[in-house]
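Before any questions on how it binds or moves, here is one chain, the form predicted on its own, in structure tokens.
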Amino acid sequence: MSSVRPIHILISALLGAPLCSATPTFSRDVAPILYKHCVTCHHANDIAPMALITYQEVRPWAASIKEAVLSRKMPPWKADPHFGKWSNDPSLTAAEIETLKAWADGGKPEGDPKDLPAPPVFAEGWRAGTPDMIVPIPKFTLSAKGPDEYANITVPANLTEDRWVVSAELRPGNRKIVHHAHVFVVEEDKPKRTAKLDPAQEYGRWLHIKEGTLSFIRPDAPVINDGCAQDDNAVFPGVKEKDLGSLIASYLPGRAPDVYPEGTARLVPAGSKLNFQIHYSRATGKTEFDETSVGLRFAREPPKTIARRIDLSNHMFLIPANDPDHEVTECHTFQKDMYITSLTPHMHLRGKSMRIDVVYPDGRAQTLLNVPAYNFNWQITYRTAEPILIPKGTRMKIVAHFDNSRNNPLNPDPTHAVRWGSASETEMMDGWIEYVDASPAASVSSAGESARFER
């Protein structure tokens, strides 16, 4: 008898697929894949349009599931696999994709219900677990007509003692109208600075236009697309630091709740307030109501180190009309040792791609993250599988490309040049960076200090 195995068996072994030719069943083969990769969003009362827990829920969607996984549309993940390793990567293996395809093509059998693993249990409406405290906004009314509205709503946190937060989850009260939102900690008792602004700061404020709750740069402001001509070249003039230590949670399309790395936390001081910044969309064309809230989970003991965040931004760019591939950069050299725990590219509707590179003090260059097909509808935070050491003197370069042409289906108007602004119809170019200091003991002892944008 020949010892040569048939080629289909060899291929199955290489793919890690089962050697039997039986059609996969939902209970034995499909459910474990969905429970591992999909149901975090696809369960009742969450962001996905349908639940995928039971056989009865999944069977009608079999063909759509097959198409979505074969095209890699689902689960959503935009990072180039050649750069970085990420703890929240939901991507399916080739064997898992083949299993879902074979099940959809093979009659979609349920199989023996005894083979079904225990379905995941989700806290009602909360993806990060049941909160220790829920802080809502007062009921908000959005009128039927007009442009999108950007609301700033501040409410008391009602804390009588300092608390360390290990996760903060923003939950829209009305998903039909809440496009995105952020929550900041506001310490009202902090003394306000009275020192006179220097000329650069005065100029920066003059460039920065406020219209209600929206912010824009003046259309005639100087144009700086190359933010790497020198470090921090394209932030607003006169900016000395970028305090983002007070941002504790964001809700964005495709973004998971803010769960800070194990052993870290963020401080919410006693007596502080929470400021909700919410973008409301008038997509329904009728009067709507919202009671968005944030759920906080507290550490049971003081953290080993403080979870921090900074933004690296270009504010001075100009994207020409009809330009399909406009490049904007920004660079920054870090002045302390740190560990990066997550990276988030942030652009608006014309965002096309973003790459984040570093050059270490010894001259080594490395790409930390590459997102070649950015999509405003999937603003993903990429959480490192292992913290990335960034020694003092490391220079980071962010390279973004924008598509302001009619070939971009999200583009609201390719005939106009676009500049920085907080509205979705304008643009942003940010790299959001979560990190911890490389000296944990010093980090916790300086709990009252904010995360600074070093210069």
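Throughout, we count residues from 1 along the sequence that is shown. Between two forms, the rigid core is defined as the largest C-alpha subset superposing within 1.5 Å. Since the structure is predicted, the reported quantities are computational estimates derived from the model, not experimental observations.
One more form of this protein exists, namely the form predicted together with a small molecule; it is left out here, but the text below deals with it.
When the small molecule is considered in the predicted complex, R419 lies well away from it, no heavy atom lying within 4.5 Å. Residue contact check for P172: none of its heavy atoms lie within 4.5 Å of the small molecule in the predicted complex. When contacts are judged by a 4.5 Å heavy atom cut-off, M50 counts as touching the small molecule in the predicted complex. With a 4.5 Å cutoff on heavy atoms, H401 does not count as touching the small molecule in the predicted complex; it lies far away.
Figure note: of the listed segments 426-434, 60-68, 406-414, 390-398, the one touching the small molecule in the predicted complex, with heavy atoms no more than 4.5 Å away, is 60-68.
Though the small molecule is absent from this view, in the predicted complex it lies within 4.5 Å of a heavy atom of just one residue from P76, P109, G204, P131, which is P76. A single residue from the set L368, V259, L159, L92 has any heavy atom within 4.5 angstroms of the small molecule in the predicted complex; that residue is L92. K78: CA moves less than 2 Å between the shown form and the other one after rigid-core fitting. A displacement of less than 2 angstroms separates the C-alpha positions of R355 between the shown form and the other one, with the rigid core held in common. Remark: with the core as the superposition reference, the CA shift of D46 between the shown form and the other one reaches 2 Å or more.
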